[in-house]
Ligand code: NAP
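Quick heads-up: it's one chain on its own, the form predicted alone, in structure tokens.
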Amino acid sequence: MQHLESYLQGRWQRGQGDATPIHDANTGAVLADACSRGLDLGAALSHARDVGGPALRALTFAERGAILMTLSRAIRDIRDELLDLEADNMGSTRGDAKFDVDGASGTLAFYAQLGSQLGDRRTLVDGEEVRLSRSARWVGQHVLVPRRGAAIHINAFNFPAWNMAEKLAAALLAGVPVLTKPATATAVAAERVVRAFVDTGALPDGALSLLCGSVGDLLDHVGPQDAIVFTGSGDTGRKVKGHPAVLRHNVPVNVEADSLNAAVVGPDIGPGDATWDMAVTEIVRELGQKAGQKCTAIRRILVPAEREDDLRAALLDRFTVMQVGDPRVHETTVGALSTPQQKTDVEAGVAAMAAAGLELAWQFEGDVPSSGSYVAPRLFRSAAGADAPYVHEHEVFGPVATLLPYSGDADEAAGIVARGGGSLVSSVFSDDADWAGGLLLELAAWNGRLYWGSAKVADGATGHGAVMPGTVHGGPGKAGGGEELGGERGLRFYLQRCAIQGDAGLLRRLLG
């Protein structure tokens, strides 16, 4: 059995006392454990701030970008090993594990290229000079400089490589050291990635720390120059935001939380249309990929009432090729849930949906392994149309979605999506530019990202659930209210904006 270690103050360490078991998602057997008891997390943060911070700030954006490219290559070098680890620890099919691992290396490479573009600078200017008086020489200029603290990253269980890498890339390029905390239940791949990073020798001392096991008293040690990025449940996110030390020091917290994402099928498309086929493909993929354990997965499917039977038939036809089982078998399309607790939670959520009056429109009828954390994928429908309060308030984090018939009116669709309280992403499938355009602009207030599926992009779009590093990832309200990625925008969470007032010539000389 593997004993995961933390990487703190430049060395690998293991806590003392009882460790938390980490399970094989396919069999339920314990394959590793992790413990953080007794580790000096205050000293770890101080080391990151006092050693890692100055070392990163001494580098230019281009030099930091070069480090990120080395880290991207380090992931690619152990790609097959990571795919195997995720199959065991998380029940991920090879395709699902690639989605995580390749997303991690790709995001690091994207930010490496951004660093190259930003070049031999260490700070950024924000906007144009502002003339402040009658004198043309007296101006103000907004600048962005790295915070002098550490970035604490608390990551989700479902993407141990990508979720860690996308946070890490933006912070390190901004010049801020990172202490990353993976979810214990799926930390096997995360620990292996960090070991590969450390082995490159590319990271300055203190630039990256890893905490495996409980978060312990970590947040007790945060200070006014630190920043926190959290991905997980809304309840835990609120606890992080409300921690006394976080409140006392006004530490910025970025949260990505629960998200009741939607897909809206427009009234202008139907069977045989390229856009219709695109909608069916995305819905099927989002139900089964990662066994539905994606923060961007489609949970609510809005379909014009007169097209509901057509859409249901198209989905069921695609579902016939679905296979649930051992993720290491090539024919498997849906692997296990990542943890025993996730299986318990999904089954409880499915029971609650039935109790709330939702009808079971389809359930996987093949063999579902009784061992491990497997569940049968399901599609529900609401006989009451969009008036289904449970699906607008609760996310079942597994291979579960619900059909919601609506009239085809754009304003009605916008109101239904908004009932989710804020989402990471929603999709609109329509070739009617006027209908879809009005709906998209209305939905923009309730979503961090919108995906417009139409005939002209049916063969080239990246997919509803694909988070691309060049655009922001996050969402308002229930989705956490945060933003990540978005190219240079992703750096800004780790940078302090300051207005410097002074002589125009001196400022230009200072800031290049």
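Numbering starts at 1 and runs along the sequence shown. Quick caveat, the model's predicted, so the values are computed rather than measured.
Note that the form predicted in complex with this ligand isn't included here; everything after this is about it.
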Taking the shortest heavy atom distance, is E256 within 4.5 Å of this ligand in the predicted complex?
yes
This ligand contact at R378 in the predicted complex, heavy atom, 4.5 Å:
no
T184 within 4.5 Å of this ligand in the predicted complex, heavy atoms:
yes
Residue-level question: is S105 within 4.5 Å of this ligand in the predicted complex, judged on heavy atoms?
no
One residue of E286, D226, E395, D100 in contact with this ligand, assessed in the predicted complex (non-hydrogen atom, 4.5 angstroms):
E395
Single option in A356, V240, V145, A414 placed near this ligand in the predicted complex, where near means a heavy atom within 4.5 Å
V240
Would L219, T231 and L424 all count as contacting this ligand in the predicted complex, using a 4.5 Å heavy atom cut-off?
yes
For this ligand in the predicted complex, the stretch among 91-99, 153-161, 304-312, 171-179 with residues bearing a heavy atom within 4.5 Å is 153-161
Can you name the residues of 200-221 that have a non-hydrogen atom within 4.5 angstroms of this ligand in the predicted complex?
G213, S214, V215, L219
